[in-house]
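Okay, so here's just one chain, in structure tokens, the form predicted on its own.
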């Protein structure tokens, strides 16, 4: 009770002195839980960061380039690689839809990949494409020679290993070379957009999805239909690659930029045409010499007799 009286007397003296001297300096103690009513100055960087994210300026690129490398676990642990497969079904389907329906003027990486790059989709897309090409190639060979008495169907299991080597080498080595080239050009040219290796692998992996239904339709034993399907698949997947990597090289020298895009598209064309020629057209060509050799052998046997 005496302490309360002393506090009241002290506060009363302070109030009296403030009234007597309005210019005196006072210190106010606020409640920690109370929020200030007024804040002076604009919010720093909120609009700027959003513009950087949408426009793809260098600040956002530098902070998000290597999203797959910001891992707390060491690279030799299972947890490190588990984060690359941390993606839900909705995200995978959304990225597949984006690769099938490319939007002009929209960057595939910033629209679908950059928020959470993954290896789950590219890995299983490549695996499915390998078996689709190998199985469809065997069925195509069977349907072409169906009804021929001299033809005996023998499954070619080696096509699985050959298709796996081609597809996975393309889906990993080409992105690795492109990533190294972009990093080299980024050191030469300022203000150039760049992508991480994981983002480039995602773009190439999802761009190959269109070839899964295309390889199944390649079973149709009509060369005209097959070439039409190749052109459609090339137009869709090639546009995804061109529209994605053109912003990364357009600030570079004009010849270098055009040569880079032409190389990307040319390698994609070689993959498509090579798979069609080897896995679907080659069996028919290999079978022709066996059919033409039989009459020659019979003629030679008749002459000798």
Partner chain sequence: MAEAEESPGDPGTASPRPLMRDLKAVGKKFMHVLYPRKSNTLLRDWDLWGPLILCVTLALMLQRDSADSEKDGGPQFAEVFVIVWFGAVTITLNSKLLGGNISFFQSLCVLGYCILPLTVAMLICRLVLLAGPGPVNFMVRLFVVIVMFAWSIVASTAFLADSQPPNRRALAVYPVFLFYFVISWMILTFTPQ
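As the structure is a computational prediction, the values presented were derived from the model and not from experiment. Numbering follows the first chain given and starts at 1.
We do not show the form predicted in complex with the partner chain, though everything after this point is about it.
Residue 123 is the only one of 123, 172, 151, 179 with a heavy atom lying within 4.5 Å of the partner chain in the model of the complex. 158 is the sole member of 158, 97, 188, 223 with a non-hydrogen atom within 4.5 Å of the partner chain in the model of the complex. Exactly one of the stretches 124 to 132, 179 to 187, 103 to 111, 229 to 237 approaches the partner chain in the model of the complex with heavy atoms within 4.5 Å, and it is 124 to 132. Residue contact check for residue 115: none of its heavy atoms lie within 4.5 Å of the partner chain in the model of the complex. When the partner chain is considered in the model of the complex, residue 139 lines it closely, a heavy atom lying within 4.5 Å. The shortest heavy atom separation between residue 89 and the partner chain in the model of the complex is within 4.5 Å. The closest non-hydrogen atom of residue 82 lies within 4.5 Å of the partner chain in the model of the complex. Contacts between stretch 248 to 263 and the partner chain, counted in the model of the complex as any heavy atom lying within 4.5 Å, involve no residue at all.
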